[in-house]
Ligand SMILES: NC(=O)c1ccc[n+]([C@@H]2O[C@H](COP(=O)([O-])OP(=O)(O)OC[C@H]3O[C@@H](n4cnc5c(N)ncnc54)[C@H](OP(=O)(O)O)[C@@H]3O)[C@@H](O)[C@H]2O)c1
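This document opens with one chain alone, in structure tokens, the form predicted alone.
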Amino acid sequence: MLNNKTILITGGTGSFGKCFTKYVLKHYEPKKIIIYSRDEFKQFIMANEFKEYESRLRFFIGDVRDKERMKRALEGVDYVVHAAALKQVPACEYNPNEAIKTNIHGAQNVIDAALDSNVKKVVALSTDKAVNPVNLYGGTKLVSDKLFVAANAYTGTKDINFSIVRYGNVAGSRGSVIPFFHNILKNGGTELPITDYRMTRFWISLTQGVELVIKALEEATGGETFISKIPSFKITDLAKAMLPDCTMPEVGIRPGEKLHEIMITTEDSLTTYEYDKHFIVYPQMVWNNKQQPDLSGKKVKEGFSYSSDNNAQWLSVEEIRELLKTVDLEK
């Protein structure tokens, strides 16, 4: 369905944007992929990395905070993947106004520009931190999610819909625990600090995130939140996988950090359906007759929740060790 389509990715020079671009160019024949971001140097680096595909790539300097620029960029675009955001929790806490401008106002600008253009589908990336948020980043992403779901109420007769893909920290992503441990070990350390011995996380790769976004582009009818079924792991088991004989001092949880990643709350269970490899949380408010659940799935029981501590799938130390071989830690 991406063949001969023009796709724009906001924040396209980031890890997700690069992986999405590579995946789409390998598996489909898009007409054009537009990388929309504000850092000319990162665009220059990415253009050189994708030199062989330069006829299908366009690099558009712009900021999601600038609605007029966003409108200009969306001319002739079929699909939008909204990945641009301020994501670092401490940075958002210290610069709340900036986080609001990018994560909330920027989201509204993407929505308005898409509604004013001939865009067919918009998929916005969410995060586990938007679920019962305990920090400003999570709060802004919760608002962003609500904006994208509600955008379906304003489509009128236009053939456009908005949906969300939610996942947690990608394995090996910048600022996450795997590269943190890796740097300690690379410098000869044997002590891997654990914030809390009870802490758990989901394991998802960038490629799995990309595949879920493509699934949303293919199947969304408007307002859905797509969530992958992925395994959980204990942070202590991750440390053992990276260095079997390491010492693990417990150093205390950081401000704004959660013990577990939560993807679906008990309140969401009322409109959540389970499928073979994913869940879909459907909107509680429905604006048109296209927004009907895919009945090939099974409605979850009332009170169901999906978090990294109550998961049915768990990675062993050995399984984590094997998966670590697939993580690029020298970025």
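Residue positions are given as counts along the sequence shown, with the first one as 1. As the structure is a computational prediction, the values presented were derived from the model and not from experiment.
This next part talks about the form predicted in complex with the ligand, which is not shown.
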* Asked: in the predicted complex, do H27, I33 and Y79 all put a heavy atom within 4.5 Å of the ligand?
  -> no
Exactly one listed stretch (216 to 224, 133 to 141, 237 to 245, 179 to 187) reaches within 4.5 angstroms of the ligand in the predicted complex by non-hydrogen atoms, and it is 133 to 141
(message) My question is simply whether A114 lines the interface with the ligand in the predicted complex - judged by any non-hydrogen atom within 4.5 Å.
(response) no
Open item on the list: Residue-level contact is defined here as any heavy atom of the residue lying within 4.5 Å of the ligand in the predicted complex; does G62 satisfy this criterion?
Closed with: yes
So, in the predicted complex, is R254 in contact with the ligand at a 4.5 angstroms heavy atom limit? no
task = With heavy atoms only and a cut-off of 4.5 Å, decide whether E68 touches the ligand in the predicted complex.
result = no
With the partner omitted here, the residue among N109, N161, T102, S232 that in the predicted complex has a heavy atom within 4.5 Å of the ligand is T102
With the partner omitted here, the residue among K299, R38, H278, R58 that in the predicted complex has a heavy atom within 4.5 Å of the ligand is R38
Of the residues spanning 159 to 198, the ones with some heavy atom within 4.5 Å of the ligand in the predicted complex are Y167, G168, N169, V170, S173, R174
